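Same chain, two forms, each on its own as structure tokens: structure 1, then structure 2.
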Structure 1
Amino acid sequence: MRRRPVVVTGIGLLSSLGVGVEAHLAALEAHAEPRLETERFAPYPVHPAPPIEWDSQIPKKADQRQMEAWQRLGVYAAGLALDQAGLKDDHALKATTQVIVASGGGERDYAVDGQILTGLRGAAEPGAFLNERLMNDLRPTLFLAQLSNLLAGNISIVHGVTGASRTFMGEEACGIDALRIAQARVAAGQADIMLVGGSFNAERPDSLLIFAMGGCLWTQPFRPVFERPEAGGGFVLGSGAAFLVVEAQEHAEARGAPACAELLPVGAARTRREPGDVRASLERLWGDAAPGPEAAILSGATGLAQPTREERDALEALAPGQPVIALGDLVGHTLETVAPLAAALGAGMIGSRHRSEVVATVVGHRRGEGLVRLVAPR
């Protein structure tokens, strides 16, 4: 089967560093300090979402109200990518553009949860009490703000991208796979143009809860991710969203859309995470992708001790002495969004800063290893 070059023609990116690719490149160049929110969820710091003018991408207040934060972040970033790719007003093309979203699920109504848990303690009939409170206190539309596939649903409603969507779940690995499948489908001619990305809202106690149970969260004063393993390790969650418009190079050229980077086949692997697995997996993926010596290196390392130590060892062996830009130091850990965010930033470094090549490693906190490679368009 023939394989077509796949290019990135639109980038939408936001994080605690700001909105848009330029804000991120500028922060990178200025060695800006990470933005941290240390009070709201103490003892857990988070990298909060930046101030956002929602109306510019989500014009209807009713749409904004129907979404929870993770959906709004994602829909906003998707809009930025569509703008850059020149798709916003091309209704015919948007109606055939396919979407892959990497996401978890939506947030809960924390007040309702607290009231129910408080009430359950003294309830004579806990089952009946729970039913009654859920029936009376849950907002009917909250479900739609929680369903994983409703980020994609909102993208189709707000932006009119209605080719068809698929939502991949599964933490960091699903972000890698979203890019992998999108690239592969376009390369193989199964689709001409796709919107792919994800979003994550770190500012939610229910997410913190899952990772607090696992002992994954960093609670010490801020420290770069690659320095955390020796201090016990841990990650700081970060709010963020990243979407890319990827399309066949011939498709982009035919419609006169400038390409900022070429997305090469994405490497993804799963290991059982025995000691040494992460390092071996990354070495294999690196060998397959064979990045050149000029490649800028991005890492999505979480800061968790074992995987981060192994990733550090792998990168030191694979690219000795090369600088590694750790996304976790800039924007925190954005979970499903790490791989799309790395790809978006990498495409920006090539498209706007004339880097010839960027390679990004993504190692999931519990599972999944990936490698994304972008080069200047041919």
Structure 2
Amino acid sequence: MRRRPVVVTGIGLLSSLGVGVEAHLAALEAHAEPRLETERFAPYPVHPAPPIEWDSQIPKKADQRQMEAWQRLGVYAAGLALDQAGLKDDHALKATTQVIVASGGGERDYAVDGQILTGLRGAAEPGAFLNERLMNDLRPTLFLAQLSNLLAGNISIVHGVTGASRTFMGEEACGIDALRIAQARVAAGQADIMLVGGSFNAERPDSLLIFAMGGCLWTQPFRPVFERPEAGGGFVLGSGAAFLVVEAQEHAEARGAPACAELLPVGAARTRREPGDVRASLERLWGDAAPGPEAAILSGATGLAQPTREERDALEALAPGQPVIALGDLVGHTLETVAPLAAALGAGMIGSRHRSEVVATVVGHRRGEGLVRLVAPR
């Protein structure tokens, strides 16, 4: 079966570094210091979302109000990608554009959570009390807002992208698979054009609580990701969103859409995480992708001790002497969005002629490894 070249024609990117690819490339060139919020959730720092003019991509205030923060971030980034790809006003093409979203769970109503937890202490029948409160206290709109596939739904509502959609969950691994499947479907001729990406809101007490309980969060003064294993390890969560329009090269050429980069087949694996597993997994993925010796390297390393140490050792062996840009140093750890964000930044680096090839590694904090390779369009 003929495999069609798959190109990136639209990039939507936002993080603590700013909005748009240009802001991120400027930060890279200037070796900008990371933007951190250290007081609001102390002792846990976060990379906060940048100031955003929501009206430019989500014009209706009612739409803005009904979305949780992670949905607004994602819908905004999707709009940026559609703009660059020249799809915003092409209603016929948007009707056939398929969507794949990498997403976590929805956000919480903290006031209701607090009332329920307080009431449970004195409830004669805790199970019955919990069921009653959940049925009566949660607004239907809030309950629906917690469904992960509502990001794809809101992209459809706000931007009119009405092709088939899929939503993947599974932390870092779902972002890898979203890219992998989008690329594979377009390459195989199962779709001509797709919108793929994800979003993450780090400024959530419930997320911080979950990862703090798991011993995952970094609480010491800021230190680069690859230096953290020797100090106990940990990651700093970051708010962000990234979406890409990917399409068959022949389809892009036929409609006159310039390509930023070619997206090659995405590698994915899921090791058991015994000692040495991460390094062996990355070596296999690297061998399959066969990056060139001058490829720029983006790493989605978390900063957790064991996987980060093994990824560092693998990259030193696979690309000796080559500098590695750790996304966690720049924008924090964006969980489901790591792979789409790396791909978006890599495509932007190639599209701006900063590089001719970029390879990105993604190693999940518990499971999932991936490798994304982008090259200059043919």
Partner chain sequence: MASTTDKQGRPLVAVTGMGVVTSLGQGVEDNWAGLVAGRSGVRQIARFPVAGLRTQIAATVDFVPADPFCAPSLSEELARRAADEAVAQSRLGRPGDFPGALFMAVPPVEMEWPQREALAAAAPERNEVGYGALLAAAETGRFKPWHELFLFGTVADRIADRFGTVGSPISLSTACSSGGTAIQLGVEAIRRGETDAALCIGTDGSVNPESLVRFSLLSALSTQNDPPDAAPKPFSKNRDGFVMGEGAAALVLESAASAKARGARILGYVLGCGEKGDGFHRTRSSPDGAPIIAAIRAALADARLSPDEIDYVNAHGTGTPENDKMEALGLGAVLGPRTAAVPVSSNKSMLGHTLTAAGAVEAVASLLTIGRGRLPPTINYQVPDPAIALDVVPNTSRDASVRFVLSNSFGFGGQNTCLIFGAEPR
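Numbers follow structure 1, counted from its first residue as 1. Heads up, when I say rigid core I mean the largest set of C-alphas that superpose within 1.5 Å between the two forms. The structure displayed is predicted, hence computed values, not measured ones.
Student: Only one of structures 1 and 2 is the form predicted together with its partner chain; identify it.
Tutor: Answer is structure 1, the other one does not fit.
Student: Honestly, after the rigid core fit, is Thr118 moving at least 2 Å at Cα between the two structures?
Tutor: It does shift by 2 Å or more.
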